[in-house]
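Before any questions on how it binds or moves, here is one chain, the form predicted alone, in structure tokens.
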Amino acid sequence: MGVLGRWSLLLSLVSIVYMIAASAYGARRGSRAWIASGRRAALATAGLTTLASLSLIGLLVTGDFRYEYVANYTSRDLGLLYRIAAFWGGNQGSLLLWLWVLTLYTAVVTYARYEGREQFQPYVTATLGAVALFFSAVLNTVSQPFRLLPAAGVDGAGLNPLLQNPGMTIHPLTLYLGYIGFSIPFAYGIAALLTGRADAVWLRVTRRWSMVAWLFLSMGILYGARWAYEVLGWGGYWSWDPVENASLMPWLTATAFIHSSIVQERKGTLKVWNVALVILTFVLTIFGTFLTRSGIFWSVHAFSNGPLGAIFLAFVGIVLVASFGLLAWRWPLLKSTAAPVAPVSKESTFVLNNVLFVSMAFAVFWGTVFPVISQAATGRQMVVGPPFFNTVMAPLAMAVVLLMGIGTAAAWRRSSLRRTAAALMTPFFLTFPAVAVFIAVGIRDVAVLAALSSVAFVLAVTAREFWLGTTARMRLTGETAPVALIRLVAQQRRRYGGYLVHVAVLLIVMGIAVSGAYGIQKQVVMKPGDVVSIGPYQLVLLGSSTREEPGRTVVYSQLLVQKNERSIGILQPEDWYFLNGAQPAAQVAIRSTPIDDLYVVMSGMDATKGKVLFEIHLNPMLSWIWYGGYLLVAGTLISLWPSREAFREAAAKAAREVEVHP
């Protein structure tokens, strides 16, 4: 199995080189035969990387400890699920996953049928091949997943205990699917520059790919936050860790790109902006991979140090110079012939929105790399922590939230302050009762009140859009309100799916603002029978004990949870002690409701005296972050889901393509 994987990986390198050469030569000469040959090479490459990936998974599942990667990331007592998850639990495996997904994406894109396919496809295939060539070369040289050990061991080191969590079977996959997915819009942007077709055709082709990649990246970030919340045991979900920041930066620029592409599709403006954003987003995904492998940043998410950091940084530099050099060369073609953006219009809010998103991305980038820059410049590392990020990002995020509402109400092309203000007047006045409710329930913090007021305002604006659309349809069709609403969303999925995504973001903002400002934390030492109060809850320690599980000893405590003198459940925090000597791992106990999360960590125990040290957190409304995440997924899927007319049109177009090019 290992020999099959090693040769498949090596042959994929040859296949990728041929795919690039055939596609580029075919595009240059206008040869359909060479272009078709490049497509077949893309399919062969996907097959070879699939063989290599399945071979490594097979070695991990069967526990073949002759191989270094298997010995480093699995052990005999590891469950099947985590043996598979070990595929992306280490450096070599995660890079092979990246190459595998990229080549599968390339095969799908290469054979997809769309407007302008003949002109774009070979350039897209060659560009994606160039990215795949880098990863394949790395895997065949400095980061080999099929390297044999001098002598096989009887057992392996096992998977990092922090990764032995169900969330780690989802978080890395979704994150990689998002990261790698942005290679496709990047490839189309490069193809548009190379062909000189900088109109909105390439945007229409890549819209779904951009949205899918954005959705996966969003899910990856949210799952990562939940993993940090449930596994790391510090009571929070986001610490502005360098690797966390690495996923946030491309998400911000991708969000800007998705919004500005709408403007180019409708109005023909922002051409340079869109190409620059898609290049920047792709570069930031590679930069994020550099951060996890450079060794210059400490992170619980990072892989071990090695030569990969310098290699990835060089690749980032090459992509930046080549891409923006091509953009500069094609600059005259990107000049907009449309009328300038009116100061008061939906377009202007989109432009300002994008400036804010890019500013946020730059702030995160600067705060992330500044410690390294300061050390290189002065020899002394200056730490940039959460206070910097919170101070800078909070007002920018607030401005983005307000623009959601203003942009929703503003008209396309040209509006007026009076017309826009009239559309916003009702939502504005509806915000006052909401503010009164916030104050009545005890929210006094000015910053939190401002955030919640902004959220209430935008929710009112969004509700107004649904109301106007539904009532208009009811008047035209005579349908009942629920039927009219469902059919309204079904017929304008892109628009109303986008509104639902906005609502999801608002829920997330509410969860962040309230839990961040009003969270309570206590550290207490308890013995059986002791009671501790936190907020409206009382916790009674019933006792502590141990049990043996495969590969570990589990120490646990049971706490009775009471509220208003009524028992409502038992929380059982645990500490896992691994037999292979790995660092102990705390298992958090959480009681989650829409109102608050009761979060308990067992931080230590004195067995001789029967005393246990607990860290207890009460996080109000934190679960709204996860609710917002679920709605974000639903809204994006609604926006992506094609209508029946689109299905029929696509089928007819594919049939015509087959008739012309059987």
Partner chain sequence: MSRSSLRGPFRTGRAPAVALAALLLWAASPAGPEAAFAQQRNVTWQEVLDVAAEYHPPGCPPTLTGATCQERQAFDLRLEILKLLEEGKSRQEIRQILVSKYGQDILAAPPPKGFGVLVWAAPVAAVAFGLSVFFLMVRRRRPSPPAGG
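Residue numbers count along the first chain shown, from 1. In this text, all values refer to a predicted model and were calculated from it rather than measured experimentally.
Keep in mind that the form predicted in complex with its partner chain is not shown, yet the notes after this line are about it.
With the partner omitted here, the residue from Ser416, Gln492, Thr553, Thr141 that has a non-hydrogen atom within 4.5 angstroms of its partner chain in the model of the complex is Thr553. Interface residue among Gly317, Gly535, Gly268, Gly196, judged by heavy atoms within 4.5 Å of its partner chain in the model of the complex: Gly268. Contact with its partner chain in the model of the complex, defined as a heavy atom within 4.5 Å, is made by all three of Phe370, Met382 and Glu615. None of 372-380, 143-151, 404-412, 556-564 except one has non-hydrogen atoms within 4.5 angstroms of its partner chain in the model of the complex; the exception is 372-380. Residue contact check for Leu622: none of its heavy atoms lie within 4.5 Å of its partner chain in the model of the complex. Contact annotation: Gln583 falls within 4.5 Å of its partner chain in the model of the complex, judged by heavy atom distances. Within 4.5 Å of any heavy atom of its partner chain in the model of the complex lies no heavy atom of Arg113. Its partner chain in the model of the complex is approached by Gly519, whose closest heavy atom lies within 4.5 angstroms of it.
Scanning 346-381 for heavy atoms within 4.5 Å of its partner chain in the model of the complex gives Ser348, Val351, Leu352, Val355, Ser359, Phe362, Ala363, Trp366, Phe370, Ile373, Ser374, Ala377, Thr378, Arg380, Gln381 in sequence order.
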